[in-house]
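Single chain ahead, by itself, as structure tokens, in the form predicted alone.
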């Protein structure tokens, strides 16, 4: 079995801080390399180990060989279809965004967080504005329309973590996305 966190208390606190900084400052690229899971990069695996636990239903989208048993061993998270997911992970073309929970008007927090493994993650591309962004930021997103539609659902909607290797950037539902 591929190891998870070598020093869980220390690595979890440091990793969670990196993740929260990325979420608080949409479009900024952070480095996170706490583990190397099967089928994903270190940043995606690290986020999964920081957020998943036995009460967090996960949806694994696409072909991610070896990831399910690794997550079961290290986090104990139950696997589910997209409709019941608190966290979904996969490559952009494999993620069923239209099936993931976006919350309810009275409970917008009952939505999914989507971890998207990308081949490229750079500070260029569509223009991002909104809370946590001074002026504007740019991020190499895989599309624009889904994020505009997601923003229209606010305060409901999905929150995104984009990963590539040991790098990550976040796009919360409150962020506005415009063409570059």
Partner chain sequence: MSDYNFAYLDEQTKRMIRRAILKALAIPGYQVPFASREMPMPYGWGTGGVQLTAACLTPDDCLKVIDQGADDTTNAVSIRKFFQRTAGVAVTQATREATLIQTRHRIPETPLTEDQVLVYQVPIPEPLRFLEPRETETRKMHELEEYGLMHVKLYEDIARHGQIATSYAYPVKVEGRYVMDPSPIPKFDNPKLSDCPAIQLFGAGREQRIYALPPYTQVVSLDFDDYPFEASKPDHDCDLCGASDSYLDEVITDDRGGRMFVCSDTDFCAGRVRAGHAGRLAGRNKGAAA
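It should be emphasised that the depicted structure is a prediction, and the values quoted were computed from it without experimental measurement. Residue numbers count along the first chain shown, from 1.
Form predicted together with the partner chain: not shown, discussed below.
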Give a yes or no on whether each residue among 30, 84 and 150 has a heavy atom within 4.5 Å of the partner chain in the predicted bound form. no
Is residue 164 close to the partner chain in the predicted bound form, meaning a heavy atom pair under 4.5 Å apart or at it? no
Quick one: does residue 132 come within 4.5 Å of the partner chain in the predicted bound form, counting heavy atoms only? yes
According to a 4.5 angstroms non-hydrogen atom cut-off, is residue 53 in contact with the partner chain in the predicted bound form? yes
Is residue 108 close enough to the partner chain in the predicted bound form to count, meaning some heavy atom within 4.5 Å? yes
Looking at 140-148, 37-45, 65-73, 112-120, which stretch has residues with any non-hydrogen atom within 4.5 Å of the partner chain in the predicted bound form? 112-120
Could you run down 136-175 and flag each residue that has a heavy atom within 4.5 Å of the partner chain in the predicted bound form? 154, 155, 159, 172, 173, 174
